[in-house]
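Okay, so here's just one chain, in structure tokens, the form predicted on its own.
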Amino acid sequence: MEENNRVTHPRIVVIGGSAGSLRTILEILPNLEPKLQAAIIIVLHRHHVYDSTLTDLLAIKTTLPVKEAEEKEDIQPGTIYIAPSDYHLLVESDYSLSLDYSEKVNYSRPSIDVTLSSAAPVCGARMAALLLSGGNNDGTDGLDEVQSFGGTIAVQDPIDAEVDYMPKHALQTLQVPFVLKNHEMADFINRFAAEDLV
């Protein structure tokens, strides 16, 4: 019964990034399929003063709905959720989202690791994670968990990253099957959503 319910849930793509990643996200969004069957969760390190503008900034780059994630909100396909600043964003076992104000992880809240670690056992192979530019270790442990539960992981090619430490750290620590140039990322997401990724 649980497995049957899981099949009805949308695929999820978590995009995590820190310094230098916003530019890449703005390049990805216009090239996503307008009827994307996956939900996208963006976990971006940022200062809270930019909260009001980030959703609007991303929304003008895509026809998909873009919104800040809310407590107990069900995850819907074709929707882009942004982790609120100063909260960890968790994926719950019933495929809803929840916000958490516990301690910072890797000096970050929201933490990419926290979101990936919560989603990995829930979503299993129906999840992909993409780690972008940044200047700390956040994301590597979470990618490891996603992979251990059968999910797909990818990192930005450090050559394309504005700050290459974060993707480089993941590549030095893990076996990452997809190292993507910026122009390849939207296709990666579209294919994963369409269950066409090998």
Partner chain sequence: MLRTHYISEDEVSMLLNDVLELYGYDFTDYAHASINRRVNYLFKKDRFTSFAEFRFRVKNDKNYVTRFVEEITVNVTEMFRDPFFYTALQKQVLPVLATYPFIRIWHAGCSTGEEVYSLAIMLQEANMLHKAKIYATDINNTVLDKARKGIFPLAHMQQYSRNYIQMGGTQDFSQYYTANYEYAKFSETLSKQIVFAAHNLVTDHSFNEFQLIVCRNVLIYFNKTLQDKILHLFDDSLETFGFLALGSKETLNFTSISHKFRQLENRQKIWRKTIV
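Since the structure is predicted, the reported quantities are computational estimates derived from the model, not experimental observations. Positions refer to the first chain, counted from 1.
Omitted here: the form predicted in complex with the partner chain. The next part is about that form.
With the partner omitted here, the residue from Glu145, Glu33, Asp157, Glu27 that has a non-hydrogen atom within 4.5 angstroms of the partner chain in the model of the complex is Glu145. Look at 159 to 167, 64 to 72, 125 to 133, 35 to 43: in the model of the complex, residues with non-hydrogen atoms within 4.5 angstroms of the partner chain sit in 64 to 72.
Interface residue remark: Pro121 is counted as part of the site for the partner chain in the model of the complex, having a heavy atom within 4.5 Å. Using a 4.5 angstroms threshold between heavy atoms, Leu90 counts as touching the partner chain in the model of the complex. Contact between Gly78 and the partner chain in the model of the complex is not found at the 4.5 Å heavy atom cutoff. Although the partner is absent here, Tyr101 sits close enough that one of its heavy atoms falls within 4.5 Å of the partner chain in the model of the complex.
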